[in-house]
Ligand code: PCP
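Okay, here we've got a single chain as structure tokens, the form predicted alone, with questions on binding and movement later.
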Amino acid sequence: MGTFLTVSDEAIKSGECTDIYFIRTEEALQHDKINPHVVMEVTATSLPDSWAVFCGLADVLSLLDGVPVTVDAMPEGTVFYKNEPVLRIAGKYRDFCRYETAILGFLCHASGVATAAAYIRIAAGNRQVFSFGSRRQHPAIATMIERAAWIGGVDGVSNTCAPEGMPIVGTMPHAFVMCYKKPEDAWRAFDRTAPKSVPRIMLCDTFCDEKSESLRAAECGATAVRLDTPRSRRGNMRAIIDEVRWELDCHGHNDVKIFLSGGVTREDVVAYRDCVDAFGVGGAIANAPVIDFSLDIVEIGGEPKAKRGKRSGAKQVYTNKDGEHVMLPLAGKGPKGTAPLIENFIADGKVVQDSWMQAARERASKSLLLMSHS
């Protein structure tokens, strides 16, 4: 156990972090000298929305590298639908039985975050969206949260432990403003000390109403004002935003943008995207519902076999240029004009294809463009 009640990489990699019934399954099968060759697929029979974004594969590859299995999967960033297999494992069951808990944990959580980010990205249209939610999760998984949000389409993230290759954004908390005698002192201090590359986005709802502080911040050189008013004090947020915009424009600050944060939901993004220039989204991304994946046997001993409610036999998912999907038995051929989505990533225990974050983001972005026009 780690200092902060976290499980070590070594414990996860060795399969020590698992549900106890997998250990008991291993023991019974070993005692009876049973170890069948199986094919298992990861699917979700329901989704929070009509489609989802597959994420978390990179961790699965790290987990199963060196385990004598073959892994085929949709690449990260692929849009999928319920009942479609997103990952397939073939091998001797006892060789990977105990890893099911970690495999599903990686995929369920990361796919949930990426999916929430993707839907908010579409809702925002041409407005920027930033991930501000890592503080809503255990800090040990901050890297995963920001990576999944980035793949889902956010324009930047706030946590300093995010993977390389994405903008780290954020300016000031209310506590910073309160450390000075008045907001102007805090804003000017920030302007003096922050790198020139950091936008001068000033927090404008600490002591006075948003209109008053926004106007004062603009006069201090703000390029944007951030409204983070708690829901208990908001009243009519639309009226507040419109009033701030009016006063800024009325006093010659037409170029000063409005940044909204603080409990922002997908519904808020839809409601305010016409009057807000950028959104900082926290729990709506980081605390997104997980994708409820399960890992089930679909072949055993070379014969199609599945439990009730699951379709037996290995499968392939094909897509056409319009993003439409069709699922067919793996042994068959895909319809004309389609391409298979499931690719090989581990062959006989060796990783043969990595899962790159930027490629996953680009893949998701292309799909989201199709979704936004559907």
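Since we're looking at a predicted model, the values are computed, not measured. Note that residue numbering follows the sequence shown and begins at 1.
Keep in mind the form predicted in complex with this ligand is missing from the figure; the text below concerns it.
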Partner-contacting position among 262, 75, 156, 199 - heavy atom within 4.5 Å of this ligand in the predicted complex: 262
Candidate from 109, 226, 245, 88 lying within 4.5 Å of this ligand in the predicted complex - any heavy atom: 226
Stretch in contact in the predicted complex with this ligand, which is absent here, among 170-178, 148-156, 111-119, 184-192 (heavy atoms within 4.5 Å): 170-178
This ligand contact at residue 291 in the predicted complex, heavy atom, 4.5 Å: no
Exercise: residue 71 in contact with this ligand in the predicted complex, heavy atom 4.5 Å: no
Contact flag, residue 283 vs this ligand in the predicted complex, heavy atom cut 4.5 Å: yes
Close approach of residue 238 to this ligand in the predicted complex, 4.5 Å, heavy atom: no
Residues of 125-140 having any heavy atom within 4.5 Å of this ligand in the predicted complex, listed in sequence order: 132, 135, 136
